[in-house]
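Just the one chain here, the form predicted alone, laid out as structure tokens.
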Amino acid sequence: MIGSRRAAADGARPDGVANAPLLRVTDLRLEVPGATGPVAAVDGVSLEIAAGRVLALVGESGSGKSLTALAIARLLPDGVVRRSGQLWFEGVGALERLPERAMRAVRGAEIGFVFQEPMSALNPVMRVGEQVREAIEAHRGRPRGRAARQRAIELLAQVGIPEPELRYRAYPHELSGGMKQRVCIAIALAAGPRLLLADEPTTALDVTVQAQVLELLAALRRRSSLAMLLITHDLGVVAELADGVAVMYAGRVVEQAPVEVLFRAPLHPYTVGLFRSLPRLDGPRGRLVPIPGSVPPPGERPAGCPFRNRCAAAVARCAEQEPRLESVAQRHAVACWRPGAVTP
């Protein structure tokens, strides 16, 4: 079952689609206020996503995953500053150079965003159908009035909400968590974007509803070659949906590879630690092995490798110099002085 949805989506892509990047992020650096001045929260992240492909950003809370997605959409919170980085999007160009009015046209029409926590993402005093309709009417050339209402009902049906005409008039508190998440996906898809930024789309959902949401995202990709940046800490979700994985730690990408390569042979001790903390059904039963400590906040990261204080394979060099992300095999890059020293 694992990987079946990804394989089905791969088979639906036109030849050559995956070769040209739809989105290219180069050397993204974001700063947040610190006790003595600005400190790096995202430090030199580079990513590429092609049409019809899913790239998963994986890591613990505080790694910089959500800030990376918010930077792509130009929705950074107050106080967070982009110090450098190019955000190139096919057919649009450099997103970081667009005037805000032009960027508002890109959001929704080209780039959709599924935010964390659907209850807080939805307006609690506005009917869910009207929220979908509002997203449709926000862009020029889209249906309006009754046509927009009908399109909103069609979207609710498309994302698997039963009795969409009835649910159109419901308020968020009248829907289950899974239905609210589906409404958020419908809003993100309202204007037909080519890229979906999905920030923890299955968080707080039970296993059955999570499977339904994953199936929905996979079906959307099959139908329209929709590209996705999937932000998650759940490696099971990654195995189900993603093509490639970028593992983030303390604001940096520390390992990047196709899903099948990373799951077969993770090289960074942090990535290995993530796998060790994951329950498995295909091996001997035993206690899960947590990663000791926690992600250091911006401004408190140690010199050298930021993971060294939590790493069982750290040596003197790890405290002296931070490793760069470098290719160690075809399509596999890692930022570690001792890649492969820790095994799953």
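We number the residues from 1 along the sequence you see. Just so we're clear, the structure is a prediction, and the values are computed from it rather than from any experiment.
Separately, the form predicted together with a small molecule exists; it is not shown, and the next lines address it.
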**Request:** Identify which of Val32, Leu47, Ala50, Ile291 has a heavy atom within 4.5 Å of the small molecule in the model of the complex; exactly one of them does.
**Result:** Val32
**Asked** If we take heavy atoms and a 4.5 Å cut-off, which stretch out of 107 to 115, 158 to 166, 73 to 81, 213 to 221 is in contact with the small molecule in the model of the complex?
**Response** 73 to 81
**Request:** May I ask you to state whether Ser277 is within 4.5 Å of the small molecule in the model of the complex, using heavy atom distances?
**Result:** no
**Message:** How about Pro298 - does it come within 4.5 Å of the small molecule in the model of the complex, if we only consider non-hydrogen atoms?
**Reply:** yes
**Prompt:** So in the model of the complex, does any heavy atom of Ser61 sit within 4.5 Å of the small molecule?
**Reply:** yes
**Asked** Wondering, does Val54 line up within 4.5 Å of the small molecule in the model of the complex on heavy atoms?
**Response** no
